[in-house]
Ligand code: PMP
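Coming up is one lone chain in structure tokens, specifically the form predicted on its own.
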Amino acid sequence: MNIKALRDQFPIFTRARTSAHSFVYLDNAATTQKPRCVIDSISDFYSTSNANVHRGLYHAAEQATILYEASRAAVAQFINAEKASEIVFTKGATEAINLVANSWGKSQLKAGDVILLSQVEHHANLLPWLELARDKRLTIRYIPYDQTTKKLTIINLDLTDVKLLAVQHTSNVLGNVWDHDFANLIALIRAINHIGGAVLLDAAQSIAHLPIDVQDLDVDFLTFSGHKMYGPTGIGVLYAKSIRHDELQPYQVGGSMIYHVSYQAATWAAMPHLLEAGTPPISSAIGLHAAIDFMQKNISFSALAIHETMLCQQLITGLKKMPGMHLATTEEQSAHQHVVSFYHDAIHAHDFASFLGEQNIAVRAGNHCAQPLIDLLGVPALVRISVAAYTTTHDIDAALSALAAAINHLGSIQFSLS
């Protein structure tokens, strides 16, 4: 995997080389940068084929439909779905999870049923289930997070009455919180399958870093966002296994998702259109297809694991040398790492992020849409550095130098104020 050649395909980095300060982008867990092929695919669509999909009987509309459905087929192939009809386009992973809660959970779960989450979930995979549990008098149970091992603990987990397991594949705050090879996650999925429960896997943070095979994972639902895998914003994916299709009800009703309408009643279209009301995100879906093509041509997942883990270990080694700095993420080298979160005894995470931002170094700070986890960790906020295929050792060196300078500068200010 040629990192320089890959990086040269991203206009934001090639432009930065001509400016006084290079752009060090280490906020990839929030969103990734976009290669030229993705940008061009969207521009080309609007320049040559812009039309609505599925019903237009003219060339542009037919071409738009071909491109849109080709994107669906590309997603199905990318995650090894059995059929393209198992792929539903949404505006993001958040909508995809809400869609499952409303289209499946409302009709299939009843009072007393248990939803099993973990203590590390993003708000997007927590709040929809809290709302559903309140409305339908469901019980929510949590897989505990062990702060010593920095892993989720499934030993002696109570699976009584569990009808849905909904968890992150990798945490947006902590990275891999399962075994280094996800063996305990797979074991848990198999256990839920055995008792007749359903499984939703939130792959928003793993889709750009790990190979995903939904048939091998044997999940019922899988969700992710295009913008975290070098694609555009405004596009997400819900994979829904075919055996669950008859259990799904429309999340929204209107155009595109109907088979027949009278003044008295309506019947719905089959999947995936059942869950795609209104004009879909056509250009964003086309951009997602381009992002998938880009990844398949330029990124080897095995090489990526080595590259990203090396970068994170470089970062961890540097952070451990800094006085007052504490790691929230694991230090083990056997697991693929792409996220490192940390905090300081005396300097707030936002102050670090602001200081680095002034030097054109992009990191994330705060509760990372995982406030219950941050409260569990007992810290006010975390700084998060997240890497991608185009991240370089120079980027990590720049971040470490800036963090050291921040400690010297901000620490001296706090000392003078005290």
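From 1 onward, residues are counted along the sequence shown. All of these numbers come straight from a predicted model, not from anything done at the bench.
Not on display, but discussed next: the form predicted together with the named molecule.
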{"item": "Stretch in contact in the predicted bound form with the named molecule, which is absent here, among 137 to 145, 344 to 352, 227 to 235, 264 to 272 (heavy atoms within 4.5 Å)", "value": "227 to 235"}
{"item": "Partner contact for residue 115 in the predicted bound form: the named molecule, 4.5 angstroms, heavy atom", "value": "no"}
{"item": "Contact flag, residue 100 vs the named molecule in the predicted bound form, heavy atom cut 4.5 Å", "value": "no"}
{"item": "Heavy atom of residue 122 within 4.5 Å of the named molecule in the predicted bound form", "value": "yes"}
{"item": "4.5 Å heavy atom contact, residue 71 to the named molecule in the predicted bound form", "value": "no"}
{"item": "Interface residue in the predicted bound form among 290, 165, 312, 93, criterion: non-hydrogen atom within 4.5 angstroms of the named molecule", "value": "93"}
{"item": "Listed residue (200, 204, 240, 340) with a non-hydrogen atom within 4.5 angstroms of the named molecule in the predicted bound form", "value": "204"}
